[in-house]
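One chain is shown next in structure tokens, namely the form predicted on its own.
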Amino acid sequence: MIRKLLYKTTFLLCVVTLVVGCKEEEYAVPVPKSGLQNDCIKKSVGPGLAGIDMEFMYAMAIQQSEGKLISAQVEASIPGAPETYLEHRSFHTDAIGDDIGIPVATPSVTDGAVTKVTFDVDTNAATLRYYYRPTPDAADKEVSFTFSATSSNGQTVTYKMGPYKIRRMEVAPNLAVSNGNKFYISIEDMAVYDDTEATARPDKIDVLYLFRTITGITFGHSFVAPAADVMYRPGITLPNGINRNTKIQKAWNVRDIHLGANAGTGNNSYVYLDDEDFKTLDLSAAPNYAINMLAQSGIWVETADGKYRGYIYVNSINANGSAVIGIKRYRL
């Protein structure tokens, strides 16, 4: 009996403890901190490189009873390109996930490395977006940012971000090529040319875009070096001096987002190529042609003079003998 009583007592104690432990705590509204507060996150992903915006979200707030926002600014350790700016709108997300911007300040002004806005409405909280566009001079260097805000009660806060390495790579997306017209591709110039333009700069042409329908051969959309055997460039008579022997290697599953690949499909084969991908690339045994290329495929290339390695991504192809490509290159 004693043993049974002890067992029942212990069981009841466990049940009571479990019920008390599972009791839901009452919610308490957080007490806001006194004084001017700030925070920052980097919204953009992928490696930083010249011509591609780095995006940040800078939040600042002060209790309404203590004052209002007066100004906000960002100082970069390396001045950005003229496209660098600090949003004068404060953003929030609505019920369906759309970003809504409300003007709260005058448009930003950049002086050297400092970009600043002045608030022109009475507000005590704002989240501003900062877009920094690196210049080619920033390649191989690290850039840091100091975000700061001031309020009407005389307070100033700062928030530091970085450093972030700016890569040596360069990007030229959305270049239209077409058979018999704009089919000369220059890795050095990051451009495509027609016959007249290519004749004027023969030492800059690295790759030819061709489209052919040949009986018994699946040729289709192809990329070949000017020095490739004539069987890989049928019907082409090249102007004098266009004779570079570029190394070319097919790549089927390298979908670089900087070059226009859509990262919103959930396909994990979408990537950001980085400097290291080009530095470690071995094209010593690569041929000088790639035939029958498809949309969302690409080619690795190395110029005949050994100055550049690059990646040409095929965004889209058309049955009329044209395509849209993007070029990412690395200076060796």
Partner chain sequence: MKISKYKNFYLALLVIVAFAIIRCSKDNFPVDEDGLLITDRTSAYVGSFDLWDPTHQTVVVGTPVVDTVAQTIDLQVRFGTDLTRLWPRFSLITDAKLEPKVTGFVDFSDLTNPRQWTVISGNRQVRKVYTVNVTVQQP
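Computed from a prediction, not measured in an experiment: that's the story for all the values here. Positions refer to the first chain, counted from 1.
One more form of this protein exists, namely the form predicted together with its partner chain; it is left out here, but the text below deals with it.
task = Considering only heavy atoms, tell me if F219 and its partner chain come within 4.5 Å of each other in the predicted bound form.
result = F219: yes, in contact with its partner chain in the predicted bound form.
request  = Indicate whether A176 is a 4.5 Å heavy atom neighbour of its partner chain in the predicted bound form.
outcome  = Output for A176 is no: heavy atoms all beyond 4.5 Å of its partner chain.
ask   = Are any of the heavy atoms in T215 no more than 4.5 Å from a heavy atom of its partner chain in the predicted bound form?
value = Although its partner chain is absent here, T215 would touch it in the predicted bound form, with heavy atoms inside 4.5 Å.
task = Flag Y232 as yes or no: does it have a non-hydrogen atom within 4.5 angstroms of any non-hydrogen atom of its partner chain in the predicted bound form?
result = It does: once its partner chain is placed as it appears in the predicted bound form, Y232 has a heavy atom within 4.5 Å of it.
query = Of these, 68 to 76, 157 to 165, 179 to 187, 248 to 256, which stretch puts a heavy atom within 4.5 angstroms of its partner chain in the predicted bound form?
reply = Selected stretch: 248 to 256.
task = Could you spot which one of I291, M57, A304, A50 gets a heavy atom to within 4.5 Å of its partner chain in the predicted bound form?
result = Exactly one listed residue reaches within 4.5 Å, namely I291.
request  = Give, in sequence order, every residue of 119 to 135 that has a heavy atom within 4.5 Å of its partner chain in the predicted bound form, or say none if there are no such residues.
outcome  = Stretch hits: zero.
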